[in-house]
Structure formats: structure tokens, C-alpha cells
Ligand code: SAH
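The chain below stands alone, shown as C-alpha cells; this is the form predicted alone.
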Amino acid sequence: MSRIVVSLRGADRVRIGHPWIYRSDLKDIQAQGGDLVAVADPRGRVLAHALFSQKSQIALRIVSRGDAPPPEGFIGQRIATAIAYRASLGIDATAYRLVHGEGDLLPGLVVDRYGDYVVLQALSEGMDRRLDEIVTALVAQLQPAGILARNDPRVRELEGLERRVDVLHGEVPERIQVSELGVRYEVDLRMGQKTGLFLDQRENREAATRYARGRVLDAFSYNGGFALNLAARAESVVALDVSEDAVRHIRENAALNGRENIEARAVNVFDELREIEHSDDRFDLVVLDPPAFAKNRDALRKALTGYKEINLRALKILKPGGVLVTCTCSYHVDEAMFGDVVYRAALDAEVPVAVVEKRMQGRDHPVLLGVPETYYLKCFIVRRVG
């Protein structure tokens, strides 16, 4: 078997349970990109086995610990375990995550189900080399009508991999329809965000609906996931997004579900929040679900400023007793940082707030303890007390 010796620091990362070893901690490489390798410490003791990425800064992704290699066919076995876990959750949706990378001990692999279709992403060199094995396992276990590889994320370039979209099995239509929490969506699997939809907010949308009443504002709405759910209980919903295409999808999905109380606007959300603040318009519930402001650690300070700005404006346009559902999907912004942002926004807005719930990504997107990178989505539901 191929073999790589790592530094003492790299060996320590294996021992504390983190699945990544960085290129700077590799000392002796006897492997090719995509190989399954034995990972040894400076004394030659095999600590783990990993998939090797030749060009990425994340050079090793651990798939098993100890000196014994993982069993033959371990990828198919772990896919089966991940699918069985999702089946046990009783998810009220036809679209959900089946495999969540490190959270399912399959680092670099994402698999989502959309009704009769499966969309996958191989985000590491090791998983890309094993696409045939992955597809064979998915076909055997799910019998999908089609499997689409959305291998177009920018992160693949860091692995030295081509960005492309391919049908790997069967046929995949341009658009399909799925349901989530009783809401129907038209989905473009080839061009939609992530693998088609943002599937990780399902349980937060369900939680937000419990507080819906009166007038609701859904900022950074994308395809209207929060808006469509909240409209079932609210008097009216205003959905904001900078993308004209996203707003068109909100309107189409609203019509599909008979939600006539949704007004969708294509605007700069930062500017619109300020405009609303200066008007007399106020809301009973506000949702903030922006894109990741901190794509990397260097962007963290600017991101925190942006999060504080939108939370400050949201609290100012919230009626007394109203509820703010505020989210960040930047894993560089941890829960404590985000809580501090909301607190400082409340101080500047001069409104007292109480935390009603602290939430995270859905259960089909598991967080691996000791691996903060897998805990990326934080959601606070707070109430304006006065």
C-alpha cells in the first residue's frame, strides 16, 4: 500500500480525531494523487489510513484509524449506513442529504436525493477517483432514475480537478419538482445553488413557522424557502433577494403552492433594510439567511461587520414582541462569535432581546464532534422583549 509519513503535529491531529492533515505536515510521500495511503508517524508506526490529494492544502483525509486498513468495499458500506440513518429520521421531504462528507466518514463526498434522482459532488481527488464505485453503490441501494454529478464547485480547483456537470447514470431532466414540509419547489439540478436547493435549513424553516404571524420579512430569500413556509400562517410576506432569477423562482414557487400573500422584490438587501428602517414599515417576524460572508479566515472581520449591520437593521424594523430568525452559514463564524454579533446589534439598536432557540443545520447534515468545520450553520431565534 502507498505510504506517507507525517510530522509530530500531523500525528497529533490523527490522535485527537480530526480527519484532515495539511500538506505542511507531510514528511515523506510515497503515493500518487487519489491513493488510499497508510499514514505513519516519524517513528514509522501506522496511525491511520487516508485518501491522498496531491495538490490540495488538505493533503490527507482520514478514512480509518489504527494500523489495519479499511475493509474492501468500505465506501459502499458507509453509503449504505448513511442512507439507513436518513431513513430513520422520518424526514418530511422528497429532497434531503444522503451523505454529508466527514459527518458520514466519507470525506469529500456529498450525495443529495431529489425524488427519483440523486445529485452528488466529489470534492476531493480521492473521491473523484472512486466515482465508479460510488455510482455502483448508489444504483444498487437506491435504484434512482438518474444520477447527476454537480462537480462544478470552485473548491475542486484546489484539488487540481476539473469543474464539470455530468450525468453518470440514467437520465436527469432539466427541471424536477420536489416537496419539503408540504411545500412544492421547482428545482434546476444543473444550475441551482449547491446541488439544486439549500437542504440544510429544512428544520429551521419548520421552527420559524411556529412563530409566524402578522407581517413577515424574509431577507436573502433565494428561492423563498422560509417565505413559502411562513406564508401559510402569516398575513403577508415580503421576500427580498438581489438576484432577479431568484425572485422569479420565488414567484413561480409561490404560484405553484397557491401562496398569494408573498411579495417578492429584487433589491440590494443591505440598502433595502436601511430604507425600511427609515420608513414606518414594521414586521412581526424577520428572517435573515444571507450567503456566507466569510469564505475564508481573512474575510472574518469584514463578515462580522456585515452580520452586525443586517441584524441591527432587522431588530430596528421588528415590532415589540416580534421574532428575529437570524442565520450564518460561515463555519469561520462560530456560535459564540455569532451570538456576540446579535448581542452587539441589539445594544446598538437599543432593544432588549431574549434567545428563544439556538439551532443548527438539519439532522441529515451531521456535525462531527471535534471537527468544527462540519458545524457551519448557526441559527438563533430571538424575541424583541420591548
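Quantities reported herein were computed from a predicted structural model and do not represent experimental measurements. Start at 1 with the first residue shown and count on from there.
The form predicted together with S-adenosyl-L-homocysteine (SAH) exists for this protein as well; it is not shown, and the discussion that follows is about that form.
For the candidate set 179, 279, 81, 268, a heavy atom within 4.5 Å of S-adenosyl-L-homocysteine (SAH) in the predicted complex is found for exactly one residue, namely 268. Only one of 241, 159, 128, 112 comes within 4.5 Å of S-adenosyl-L-homocysteine (SAH) in the predicted complex through a heavy atom, and that residue is 241. When contacts are defined as a non-hydrogen atom within 4.5 Å, none of 97, 121 and 366 contacts S-adenosyl-L-homocysteine (SAH) in the predicted complex.
In the predicted complex, S-adenosyl-L-homocysteine (SAH) sits within 4.5 Å of a heavy atom of residue 289.
By the criterion of a heavy atom within 4.5 Å, residue 222 is counted among the residues contacting S-adenosyl-L-homocysteine (SAH) in the predicted complex. None of the heavy atoms of residue 313 is located within 4.5 Å of S-adenosyl-L-homocysteine (SAH) in the predicted complex. Using a 4.5 angstroms threshold between heavy atoms, residue 77 stays clear of S-adenosyl-L-homocysteine (SAH) in the predicted complex. Here the chain stands alone, but in the predicted complex its contact with S-adenosyl-L-homocysteine (SAH), taken as any heavy atom within 4.5 Å, falls in 290-298 among 129-137, 290-298, 148-156, 171-179. Of all the residues from 174-212, those having a non-hydrogen atom no more than 4.5 Å from S-adenosyl-L-homocysteine (SAH) in the predicted complex are 193, 198, 201, 205.
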